[in-house]
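The data below hold one chain only, encoded as structure tokens and taken in the form predicted alone.
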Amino acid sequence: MREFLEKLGAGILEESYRAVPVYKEYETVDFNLPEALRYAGMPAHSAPEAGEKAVLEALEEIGGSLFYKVGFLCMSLQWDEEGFPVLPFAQHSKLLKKNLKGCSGVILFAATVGPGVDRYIRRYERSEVSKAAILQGLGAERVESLCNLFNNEVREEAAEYRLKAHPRFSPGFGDLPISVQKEFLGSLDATRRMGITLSDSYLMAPSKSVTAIIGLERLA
């Protein structure tokens, strides 16, 4: 990634630059208890100690089944005749266009915490609905915290080369159709390398997976 950021920051990146996907795993990701409570429908300000205890116990129960993996692709950013960003998938999202305004490079990434949490959710959703809800919230927190960790790494490294990282933007948000997931994941070889598959309705499995685009803008 550093070579890409260095060339992008210096303005010497080839217009057609597109790296091969890179994959990295993290041993641990910091846990955000208030976010886990919020995703589980138990805001921190109103959750009793018992609720916090239940979330922490659930984390201990499923912790060994989780893994934290990110795959990403760095590429230069070009624009079509209508002013939309050219990406590995066809789209005409005005919101994505706005998000990437001023950018000359992008990083496409997918993140997953694996299928373990899904197995636990299925185990409890018929017998202990409240615990299944806790696990849903916990899984959402885990993958969002993983995304935040990767985003922070990109932001910090980009800043070293006078680049501004724009907020991440995901398929299914606003007017960017979720159907672009097929080409998005294909560009990362995510099924083979990360175990992420798509349903006919373009939902990812494992369910606690995220795809997103980070725009990179050169600072004056």
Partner chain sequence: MNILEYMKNHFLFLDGGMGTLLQEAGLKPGELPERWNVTHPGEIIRIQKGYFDAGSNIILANTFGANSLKFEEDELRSLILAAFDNAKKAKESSLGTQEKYIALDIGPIGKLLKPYGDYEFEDAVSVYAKTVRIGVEAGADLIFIETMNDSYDTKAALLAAKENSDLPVFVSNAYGSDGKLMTGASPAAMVAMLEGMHADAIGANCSLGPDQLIGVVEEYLKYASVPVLLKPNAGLPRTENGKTVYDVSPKDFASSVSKLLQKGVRIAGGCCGTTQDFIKELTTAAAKIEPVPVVKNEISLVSSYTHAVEFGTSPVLIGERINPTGKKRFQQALRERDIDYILSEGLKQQDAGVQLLDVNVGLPEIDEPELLETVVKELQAVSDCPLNIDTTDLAAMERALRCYNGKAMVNSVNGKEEVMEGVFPLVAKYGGFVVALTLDEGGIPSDAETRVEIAKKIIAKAAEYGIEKKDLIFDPLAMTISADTTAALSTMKAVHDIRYDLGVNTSLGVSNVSFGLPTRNIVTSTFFALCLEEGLSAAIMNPYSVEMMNVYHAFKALHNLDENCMDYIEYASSIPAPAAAVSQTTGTPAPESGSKTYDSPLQEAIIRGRKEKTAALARELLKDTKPIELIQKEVIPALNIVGEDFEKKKVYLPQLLMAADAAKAAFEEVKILMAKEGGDSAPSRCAFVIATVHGDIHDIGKNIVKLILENYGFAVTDLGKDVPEQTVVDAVVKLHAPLVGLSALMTTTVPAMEETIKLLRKEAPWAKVCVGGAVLTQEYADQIGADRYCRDAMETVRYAEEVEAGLS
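Numbering follows the first chain given and starts at 1. Computed from a prediction, not measured in an experiment: that's the story for all the values here.
Although it is not shown, the form predicted in complex with its partner chain is what the next lines describe.
In plain terms, the part of the chain that comes close to its partner chain in the predicted bound form, with a heavy atom within 4.5 Å, is 133-141 out of 133-141, 91-99, 146-154, 75-83. Though the partner is left out of this view, M194 does reach within 4.5 Å of its partner chain in the predicted bound form, counting heavy atoms only. Within 4.5 Å of some heavy atom of its partner chain in the predicted bound form lies at least one heavy atom of A40. Among residues of the shown chain, L198 is one whose heavy atoms approach its partner chain to within 4.5 Å in the predicted bound form.
The shortest heavy atom separation between A159 and its partner chain in the predicted bound form exceeds 4.5 Å.
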